[in-house]
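Taking the form predicted alone, here's one chain by itself in structure tokens.
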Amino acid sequence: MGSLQRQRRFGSLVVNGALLLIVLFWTVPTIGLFVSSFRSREAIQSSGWWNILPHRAFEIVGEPLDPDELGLDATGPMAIGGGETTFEEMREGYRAPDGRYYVWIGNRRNGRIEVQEQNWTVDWDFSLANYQQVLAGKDFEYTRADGTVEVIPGDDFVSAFLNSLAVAVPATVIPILVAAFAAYGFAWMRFPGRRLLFIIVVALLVVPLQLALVPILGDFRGLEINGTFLAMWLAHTGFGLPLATYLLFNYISGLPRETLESAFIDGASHFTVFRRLILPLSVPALASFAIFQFLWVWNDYLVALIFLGGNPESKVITQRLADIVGSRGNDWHLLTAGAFITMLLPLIVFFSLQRFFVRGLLAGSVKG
């Protein structure tokens, strides 16, 4: 008995340890992104984000040394710090036996020697300047370390954030409502061709998104709605309906038949049953699909690029982030700030609805 308990404890320890490592592997890049979004341009270019943790680094100690006063000849061997080195080695940096780091600055004739010592330090020089520049729609003044001021145009993420919100919310709510009606009809209403229609809906799950873009673009151009949010709502609704209908059908068809039959006996119509019983009981499945649909629409770039085009006033947040990557490819301080802004709302949505997530995914998987 004791051996069995030890085996269970060991197995639990192994499983929990493996899960902890997986969580760390997934979380560390997000932490690095978050920390880097608050660091300055110079700090990101010169060191990694992990320098916020205590670490040993070389720091300049005192004033630079004059080689002439020390009697050093740059053309030959030089004795310094308890050791002997050459000009070439000191130009790269010489680690002397006394534990200090000596660096020759300048040329052989008019050079000086910087003395660096390794000490424990942390880099907590954080700033909100990155977010101010990314969120602002007007010019932003950036002061360099040498005191010079550089005027940089803002990236106007606020308007892009609002545009994404205007696209994602209706494109999540509309397919949920339409799919809920369709799933209820497939699950509890009897009509000719029901099975064939349901098979067609399920078959649409395997149709590639890219295959439908060009025909839909032609239809939207004929309706003169291309480049509008309405086109985005309709496109995301059409692409999301098959999965939503299938997911909700599995859940709604598993609801207790006795509850619905007693409602019909009491004289309730299909619409009343749907509104009073089906929707309240289907909250886990609705929330589960809402997470999928919202994350997909929010992070979408291809559909937005096709149906919204390059109009600056209607660009969503993924398009604005792509513009930053194209125009500021080396400005990691701006890319990290912009990336974290795009992640913020999806994280809030996921953690707000995650208690329904597993229940919705398992919908209809267990009978009886």
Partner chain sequence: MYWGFIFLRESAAPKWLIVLVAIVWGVGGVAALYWIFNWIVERMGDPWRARLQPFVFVGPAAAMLLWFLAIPVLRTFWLSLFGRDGPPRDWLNWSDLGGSFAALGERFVGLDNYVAVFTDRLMREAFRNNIMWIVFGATLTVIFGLLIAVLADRSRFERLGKSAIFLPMAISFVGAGVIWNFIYEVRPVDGQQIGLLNALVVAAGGNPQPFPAWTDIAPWNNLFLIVIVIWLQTGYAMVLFSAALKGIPADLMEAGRVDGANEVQIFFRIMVPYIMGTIITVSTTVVIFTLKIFDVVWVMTGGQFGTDVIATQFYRQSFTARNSGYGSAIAIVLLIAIVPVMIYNLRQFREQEAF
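Residue numbers count along the first chain shown, from 1. If you superpose the two forms and keep the largest set of C-alpha atoms that fall within 1.5 Å, you have the rigid core. This one's a predicted model, so the numbers in the text were calculated from it and none came from an experiment.
Separately, the form predicted together with its partner chain exists; it is not shown, and the next lines address it.
- Interface membership of residue 341, defined by any non-hydrogen atom within 4.5 Å of its partner chain in the predicted complex, is ruled out.
- Mapping the unseen interface onto this chain, residue 305 counts among the residues with a heavy atom inside 4.5 Å of its partner chain in the predicted complex.
- In the predicted complex, its partner chain sits within 4.5 Å of a heavy atom belonging to residue 28.
- Proximity of residue 165 to its partner chain in the predicted complex falls within the 4.5 Å heavy atom cutoff.
- Exactly one listed residue, out of 112, 270, 91, 95, brings a non-hydrogen atom to within 4.5 Å of its partner chain in the predicted complex: 270.
- Of the residues given (128, 79, 207, 265), 207 alone sits with a heavy atom within 4.5 Å of its partner chain in the predicted complex.
- Highlighted residues 40, 54 and 116: none comes within 4.5 Å of its partner chain in the predicted complex, counting any heavy atom.
- Annotated contact segment (heavy atom within 4.5 Å of its partner chain in the predicted complex): 293-301, selected among 102-110, 70-78, 293-301, 83-91.
- Counting a residue when any of its non-hydrogen atoms is within 4.5 Å of its partner chain in the predicted complex, the hits in 199-218 run 199, 201, 202, 203, 204, 206, 207, 208, 210, 211, 212, 213, 214, 215, 216, 217.
- When two forms of a protein are overlaid on their rigid core, residues whose CA moves 2 Å or more are considered shifted, and residue 26 is one of them between the shown form and the other one.
- After superposition on the rigid core, the Cα of residue 51 moves by 2 Å or more between the shown form and the other one.
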